[in-house]
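Only one chain comes next, encoded as C-alpha cells, the form predicted alone.
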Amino acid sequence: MKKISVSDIRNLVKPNIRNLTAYNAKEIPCRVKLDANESPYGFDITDEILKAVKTNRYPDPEAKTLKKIIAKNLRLNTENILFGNGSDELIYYLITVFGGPVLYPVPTFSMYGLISRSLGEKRIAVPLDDEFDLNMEKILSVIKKNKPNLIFLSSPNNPTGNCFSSERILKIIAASKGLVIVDEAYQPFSSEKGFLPMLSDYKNLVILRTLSKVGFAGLRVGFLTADKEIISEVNKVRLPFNLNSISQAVAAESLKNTRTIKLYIGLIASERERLLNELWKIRGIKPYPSEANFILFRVKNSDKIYQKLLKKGILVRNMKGVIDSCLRVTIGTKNENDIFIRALKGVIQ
C-alpha cells in the first residue's frame, strides 16, 4: 500500500489554509501573570453547582437560564442574544454567514483578520490615526469603494486601550450597507456606556460581549446581541450544544451576584489609574490612557525590558510587530501591580 506523503497531505489542504500559522497561545512559566487581559479575581465553583450538572446529558442548546439572567441584567430581550464558546466563535460565525470583504482598523484584536483569512475572505485593514482613533477619511473611502459586508470595531480597543469616538462609530454605521460589529469585550471597565442602548435604532448594528474579562475566562462564554433577524441567520451555522453544561451553570449562578462582579471591576479600574500614575513617574516610559483592564506603554529597548521582566518572573505582553517599542500590562491585584512596578523600575535603571 502506498503511503501518503507530507506533500500529498499539503496538496489536500485548501490554498488559503496552506500557508497559515496556528495561533500559538503559549503558557510561559511565571510568578506574576500580566499578559492575557484576564481578571485577577475568580469565582468559586460550589458543590451545589456541580451536583446540578448532569454529565451524561447534553447541555441546554439555547442556554435558556443563562440567557434570561443576562437579558435581565442588560435589559435586553432573549431573542436578541446568541451565545458562543467565547467571542472568537461568534466572530467565526459572523464571517461564515455574511462573508467579506471584512474591514477592521489596525492595530486591533487579531482574530478579526486571522479568522477572515482562514475562511478565505478578503481583509481590509485601515491604520488608526495618531491618536489611536478611527481614521474616518480612509474608512469611509473604503466603505464607498469596497462595500464591506462586515466591519469590526473593538471599543475599548485591544491593544491600545482607548474607546473610539462614538460620533465616528455612528457615522460608520450610517455609511455602511453591511453589518458593523462593535466588540465591547472591555466595556465593563470603561467610563462610557457602550452601544447597547442604540441596538434598536440601527438594524445593521451588532454588539459582542464576553464574560472572559470579568473573572470567567476559563468558562469561554461570549454572546452576541443584534436584531432577531441577524440572530436567526447566525444561529443557522452555530454548532449544537456549543456552550457546555458546567460553563452555563457556573456563569448563571455567579451572575446572580452582580454586587461582587461590580466590586471586582471597580477594584481593577482603581488599580488601573494608580498603575497609570506610577508608570508616568518612571523616566523613559510613556503609558497610554486606558478604558480597559490593561495599559499599553512605550519604552526604549522593549525586547530587552520584556526579557528582563520575564527573568524576574513577571510576564507582560510584548507588542513587537503590532506596535513596536511597546509592552502591554494587564491590571492585576494591588500586590501584583506593586511587584511589577518595582521590577520595571529596577530593569529600567
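Predicted model only: the values in this text are computed from it and were never measured. Numbers for residues come from their place in the sequence shown, where the first is 1.
The following text describes the form predicted in complex with a small molecule, which does not appear among the structures shown.
Participant: Using a 4.5 Å heavy atom cut-off, which residue among Phe109, Phe189, Phe164, Tyr93 comes into contact with the small molecule in the predicted bound form?
Facilitator: By the 4.5 Å heavy-atom cutoff, the listed residue in contact is Phe109.
Participant: Only one of Asn149, Asn158, Asn242, Thr225 comes within 4.5 Å of the small molecule in the predicted bound form by heavy atoms, so just point that one out.
Facilitator: In short, Asn158.
Participant: Among 258-266, 234-242, 196-204, 85-93, which stretch has residues whose heavy atoms lie within 4.5 Å of the small molecule in the predicted bound form?
Facilitator: Comparing against the small molecule in the predicted bound form, the contact stretch is 85-93.
Participant: Looking at the partner-bound form in the predicted bound form, is Ser154 within 4.5 Å of the small molecule by any heavy atom?
Facilitator: Yes, Ser154 sits close enough to the small molecule in the predicted bound form that at least one of its heavy atoms falls within 4.5 Å.
Participant: Quick one: does Arg272 come within 4.5 Å of the small molecule in the predicted bound form, counting heavy atoms only?
Facilitator: No.
Participant: Does any heavy atom of Ile181 come within 4.5 Å of a heavy atom of the small molecule in the predicted bound form?
Facilitator: It does not: once the small molecule is placed as it appears in the predicted bound form, Ile181 has no heavy atom within 4.5 Å of it.
Participant: At 4.5 Å between heavy atoms, is Leu103 in contact with the small molecule in the predicted bound form?
Facilitator: Outside the cut-off, so no.
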